[in-house]
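Okay, so here's just one chain, in structure tokens, the form predicted on its own.
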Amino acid sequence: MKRWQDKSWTRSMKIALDFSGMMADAAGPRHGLTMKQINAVADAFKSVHQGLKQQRRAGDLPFYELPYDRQVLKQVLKTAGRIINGCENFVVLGIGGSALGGIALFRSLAHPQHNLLPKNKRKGLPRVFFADNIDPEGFGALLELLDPGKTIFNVISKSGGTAETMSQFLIVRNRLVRKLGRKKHTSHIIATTDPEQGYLRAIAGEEGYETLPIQPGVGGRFSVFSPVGLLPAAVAGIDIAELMAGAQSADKTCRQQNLWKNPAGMNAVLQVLAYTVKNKPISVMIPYSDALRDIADWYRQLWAESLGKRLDVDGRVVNIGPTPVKALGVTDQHSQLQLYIEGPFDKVITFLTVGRYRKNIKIPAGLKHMDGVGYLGGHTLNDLIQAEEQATEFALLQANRVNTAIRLPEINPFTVGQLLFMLEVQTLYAGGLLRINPLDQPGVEAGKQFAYGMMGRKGFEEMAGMMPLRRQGKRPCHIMV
């Protein structure tokens, strides 16, 4: 029996939302919230909850069902097995939602120095890389490190029209064909894309690439539990079945209609009230773990792209949306914390905390005659990081700064699965409460279209012609340094 099939183990691995630091009796009445204020939006939450429930039943929110897709899980595991046995390097070509979820899983659940370990210490697993930008220096340097004949590339694009990803693909394809030949290169590319349509689907059909599906209706930022996130995780040796079990567990909890029993709903309400009632437009996430730092990066896209909208659902101009910021404990206690404690009262802080770290490192006794150093001996780094996190929470409350915490008993696929799924559902609740569509991203599309025009894509010539006029205005303004 797998451990995630053991009810007593799964109960001990439940993550928890601690929002005591959001309340008026802790943070003060000016900035904190009261039970009355929270209960005042309970009916609005119930309405949003019911609406999402109906959409889910109608099949309009397919990301909800990803953790239950056993067929895709089986397909991903089979493909991952072939990759593990067939290469030394595995490279993801993708950007935004096509990469951030995979990066978050890899960083949180693989060995912290996975790619630096010798092959035997990696248990024969490939090195895993994410080429999530088109900086020619960075991408070129990665390609110089890799032997194409020992590398498999996973091209991820739902449409196949993502300029950044497809430019990387063309470069990689050209190198593979030159090195291995037209026929042999096909076994070194796997396409994760729409199951039926799009440029990448057509290319995969013509070239004979192996493919994995991005289910229709699943947007990039909600795709972490699809092959987009699952394949890189499985190749890195992460137990993706346990990850899916964690997401399923969170789904059961987040189906609660009672606001006070639904952590995703409650956190959405707290964030929205802080934004709309307490004038706190900045949402800061601070993981107290190196492993969780890229979950904060993933959250930034999820929150920003979902909630930053010009129009509400009635077509009115609202220009709404909280701004997500990522930080890292304890590193950013020495950079950003000064602003958070003494700067403007415009932030909600969300801590990600860990009950038990996967390593325990003792601080040896020494220099006892020095009061400012000797006291550390006999403790552990675990003691220190947890003391600093708790002290930071308290310092923020002393300064009347609202904060909440999502507490993980430990970091494993089950707890990370809960966390990611809860944050996805939380985002939909927040969108409903703000009366915007959290599933589209029209602002992103405009920038893409201007870039298409500049690169000569047919049908976008007019977009390129508009740019110099608007960019420079009537008087070009340049100062040389």
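Residues carry their position along the shown sequence, with the first being 1. Since the model is a prediction, treat every value here as computed from it, not as a measurement.
A second form of this protein, the form predicted in complex with 5-phosphoarabinonic acid, is not displayed here; the remarks below concern that form.
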property	result
In the model of the complex, the residue from Gly198, Pro324, Gly329, Gly96 that sits within 4.5 Å of 5-phosphoarabinonic acid by heavy atoms	Gly96
Partner-contacting position among Asp251, Glu305, Asp239, Glu389 - heavy atom within 4.5 Å of 5-phosphoarabinonic acid in the model of the complex	Glu305
Region of this chain that lies against 5-phosphoarabinonic acid in the model of the complex, out of 311 to 319, 399 to 407, 157 to 165, 120 to 128 [heavy atom, 4.5 Å]	157 to 165
Contact of Gly220 with 5-phosphoarabinonic acid in the model of the complex (heavy atom, 4.5 Å)	yes
Proximity of Thr79 to 5-phosphoarabinonic acid in the model of the complex, heavy atoms at 4.5 Å	no
4.5 angstroms heavy atom contact with 5-phosphoarabinonic acid in the model of the complex for Ser289	no
Any non-hydrogen atom of Gln301 within 4.5 angstroms of 5-phosphoarabinonic acid in the model of the complex	yes
Residues in 281 to 299 with any heavy atom within 4.5 Å of 5-phosphoarabinonic acid in the model of the complex	none
